[in-house]
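Have a look below at one chain only, the form predicted alone, in structure tokens format.
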Amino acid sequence: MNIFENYSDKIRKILFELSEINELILPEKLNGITTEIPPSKFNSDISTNVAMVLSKINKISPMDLAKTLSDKIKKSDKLIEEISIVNPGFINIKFKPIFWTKFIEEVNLNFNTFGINSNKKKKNYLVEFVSANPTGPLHVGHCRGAILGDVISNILLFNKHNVTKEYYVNDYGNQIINFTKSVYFRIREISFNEPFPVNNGDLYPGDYIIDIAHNIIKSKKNIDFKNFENISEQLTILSVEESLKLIKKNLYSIGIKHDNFISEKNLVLNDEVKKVINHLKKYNYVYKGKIKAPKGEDNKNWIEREQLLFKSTEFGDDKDRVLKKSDGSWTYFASDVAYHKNKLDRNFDCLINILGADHAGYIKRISSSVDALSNTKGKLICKVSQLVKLIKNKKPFKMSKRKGDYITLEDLINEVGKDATRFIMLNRSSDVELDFDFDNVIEKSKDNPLYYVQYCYARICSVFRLIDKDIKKEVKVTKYDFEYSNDEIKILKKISEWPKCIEMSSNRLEPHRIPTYLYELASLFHSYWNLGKENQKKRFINENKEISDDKLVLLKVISSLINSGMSIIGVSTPEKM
């Protein structure tokens, strides 16, 4: 039950009725009319800006139009207690207490679907995320983007869309050659006691390369490791396989499983890059030309060479982009264009890319290619995951660098666990930097939002254990004839915001709204729980170890919502803490 959507529909119905009898002029489209949560200083439940939106076309002041509309709105609904008009023309609506009884009855009867927008057309989404080079374990920089992509997928799945989670494996190019050489030299070190060339800056120095080398030696004893050129192709396949095993293990440790892994190398070998270039040529989007020196580059040292270019400036990019270098090799961008053509050919309604902070400048060029290939603007949505700063004892925290020159995801999980990692990584909008404070993560207080939400669920479970009821089962009430107090209505009002939270998280692809919402709901619950220390009427269990139907239903709805929200963000809800 989305009360904001319901009252938007009721208001629109009133508008159309007034328009039919020529008492109101309406524009062709009723855009901009909202039904929102009013500021807490107003003693109201919902608020609409309808009078301000329609005042100009009706040549009447917003306040006067609000007066006319508010009278019509109140007469149309017996559950409205009062309506107030606030400058510059907001209409604030306060419901009768019985409204909230009817509201929680409907939520309790449909708790498995509460928050799902059943009216919205269902789409097919492809969400590509992580896509780190398969040259070693994931590090903390990958972690936030991985969780962002996974939870965006979960939100869309919660709303009954079809979602495919995909990982693009960059297994082609110089970085893979250097990675394979690193494995080869470690194998030579193990098998022939040759020193690893530590001064070669192109090689990967991490200990994980030694582990990969050992695994390849054990599994493929028939390979002759004396000559790199003779085995480079086979060794590359084995090295990437081992690296992907490591990456998948890292992802699994934070609860992430992709549906597809797409190989860049296969796209190149299957001539998909050539095919997409030919496709773009048909529409005159490709030409041979020269690129001027980038801003900040020394023009004297810049050599202009004729290269194959894509006309990305025709689609909003700031310059055309190189597809083929002067030496005849494809650029990474060319492979990426082929990959996105591959995505489009699979007929998804929407493509979502999760990019790291260092790839923010890549958005224009890849978006321009998708616009050109699909002839549809906005088919691709890119979300950037900003940097994470690890803080401990109020200082930047450096963990073990055993795996190389960075902090690994494995290190982070070992330090704080999956739940804390996922919850805290989502605690702020992905487009701003995040401080991951280890001291707060382990604290058992309101300052640790994960603990506070999980403790809310555990407290409710303790009540259900006392009355010998299963919290997972449906709570059946014979008659909803109770009336909630103002303290309880505060919680019910927050519960009513859940569908709106899901809608905004889904439409804007902003999953940080969910842990924020859960923390606010948990805070209201804990405040109410603490009232019981002074006031027996506020206690959930009375002196006879019984619970009234109104409180039982309230607890069931809160627990269901917490469980639902935590499931979306991939965090557990322990029944005891």
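Counting begins at 1, following the sequence as shown. It should be emphasised that the depicted structure is a prediction, and the values quoted were computed from it without experimental measurement.
Heads up, the form predicted together with the RNA isn't pictured, but that's what we're talking about next.
For the marked spot (S47, W529 and K576), a heavy atom within 4.5 Å of the RNA in the predicted complex is present in each of the three residues. Of the stretches 432 to 440, 268 to 276, 71 to 79, 181 to 189, only 432 to 440 has residues with a heavy atom within 4.5 Å of the RNA in the predicted complex. Proximity to the RNA in the predicted complex, defined as a heavy atom within 4.5 Å, singles out one entry of L157, L244, V477, L466, which is L466.
Of the listed positions (I413, I237, I98, A357), a single one reaches within 4.5 angstroms of the RNA by any non-hydrogen atom in the predicted complex, namely A357. Proximity of K94 to the RNA in the predicted complex falls outside the 4.5 Å heavy atom cutoff.
The closest non-hydrogen atom of N174 lies within 4.5 Å of the RNA in the predicted complex. In the predicted complex, the RNA lies farther than 4.5 Å from every heavy atom of S263. Taking the partner from the other structure, the RNA in the predicted complex has a heavy atom within 4.5 Å of a heavy atom of V53. Along 498 to 513, a non-hydrogen atom within 4.5 Å of the RNA in the predicted complex is carried by K500, M504, R508, E510, H512, R513, in order along the sequence.
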